[in-house]
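Quick setup: one chain, the form predicted alone, written in structure tokens, and binding and motion questions come after.
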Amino acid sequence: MSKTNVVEVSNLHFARGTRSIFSGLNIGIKRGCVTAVMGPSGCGKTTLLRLIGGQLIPQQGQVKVFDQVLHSLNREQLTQLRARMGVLFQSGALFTDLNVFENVAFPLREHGSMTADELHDKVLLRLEAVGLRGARYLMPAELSGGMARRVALARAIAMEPELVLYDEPFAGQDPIALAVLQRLIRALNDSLQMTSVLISHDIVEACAIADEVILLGGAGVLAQGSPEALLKSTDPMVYQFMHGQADGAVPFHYPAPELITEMRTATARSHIQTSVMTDHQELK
């Protein structure tokens, strides 16, 4: 593995049917950093996350995580590699029939070999880290949206993963919950010496905690660099996205003939229809 990269994507091609999502994609995710992956809807952000997690296989090229080519691994090897990764799903994906404590304990029971006392203390430490130790006996239905996302985060880091994948962690959160999640992602990344990949549409919030931004578009990478560098970019596509402009390199209007042309055509048709109706009435 590269000394600086935990994830390396090389010449990756991936399509769904006839639609090309990635064509020759090349990126590297640096060790110890929070990397925000952003871009317009449909540009392949979640697809990239699934490729990194081994849920999807590229049609060409390769994805390496921890210096291992994912699509060359068998089921057991992939399971072992995933034990070094944590995932925070956009929905949280908590087990609805388990309380908060048992949700966080689940991966420790499945993949760990600790005693009951060790497991108990580990879960409390993870819940303490996200500020929810006092909520350990609550059921998911009793949690607010922000609390549920924090429990999911505690579960994602339960095994002390080296790499954590976040799928739209700020989506649907109120300003207070969003600020809490921001602080937690940055603090946990640094204190546990993890590497974080953050999929997000929230430019301001993601840039506030990211070390690097990868902006996807056009089946590849539009730009990659520090948040400051991308915010100062003069590239029309990059500038429009980073500054949230409604119109620009990506036009507001879907391609169509000139409005005046279609309006004239519509007017002419209206005149013809009126004339036909008049002639018909006169014949009567």
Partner chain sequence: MLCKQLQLIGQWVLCRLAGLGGALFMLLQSLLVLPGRQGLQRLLQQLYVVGVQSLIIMLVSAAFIGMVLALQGYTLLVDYGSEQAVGQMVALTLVRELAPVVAALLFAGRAGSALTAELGLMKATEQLASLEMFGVDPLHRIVAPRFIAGVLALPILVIIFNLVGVYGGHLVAVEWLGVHSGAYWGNMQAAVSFIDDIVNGLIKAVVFAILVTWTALYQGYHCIPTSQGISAATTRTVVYSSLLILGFDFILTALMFGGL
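Keep in mind that this is a model prediction, so the values were computed, not measured. Positions refer to the first chain, counted from 1.
The same protein has a further form, the form predicted in complex with the partner chain, not shown here; the description that follows concerns it.
The single contact residue among Ala179, Leu119, Leu138, Ala93, judged by any heavy atom lying within 4.5 Å of the partner chain in the model of the complex, is Ala93.
The listed set Val87, Leu143, Ala210, Ile185 contains one residue whose heavy atoms approach the partner chain in the model of the complex to within 4.5 Å, identified as Val87. Only one listed stretch (255-263, 231-239, 48-56, 33-41) carries heavy atoms within 4.5 Å of the partner chain in the model of the complex, and that stretch is 48-56. Annotation: in the model of the complex, residues Phe14, Arg19 and His71 none come within 4.5 Å of the partner chain through any heavy atom. Using a 4.5 Å cutoff between non-hydrogen atoms, Arg133 does not count as a contact of the partner chain in the model of the complex. Using a 4.5 Å cutoff between non-hydrogen atoms, Thr79 counts as a contact of the partner chain in the model of the complex. Residue contact check for His111: one or more of its heavy atoms lie within 4.5 Å of the partner chain in the model of the complex. Interface membership of Arg155, defined by any non-hydrogen atom within 4.5 Å of the partner chain in the model of the complex, is confirmed. Counting a residue when any of its non-hydrogen atoms is within 4.5 Å of the partner chain in the model of the complex, there are no hits in 201-218.
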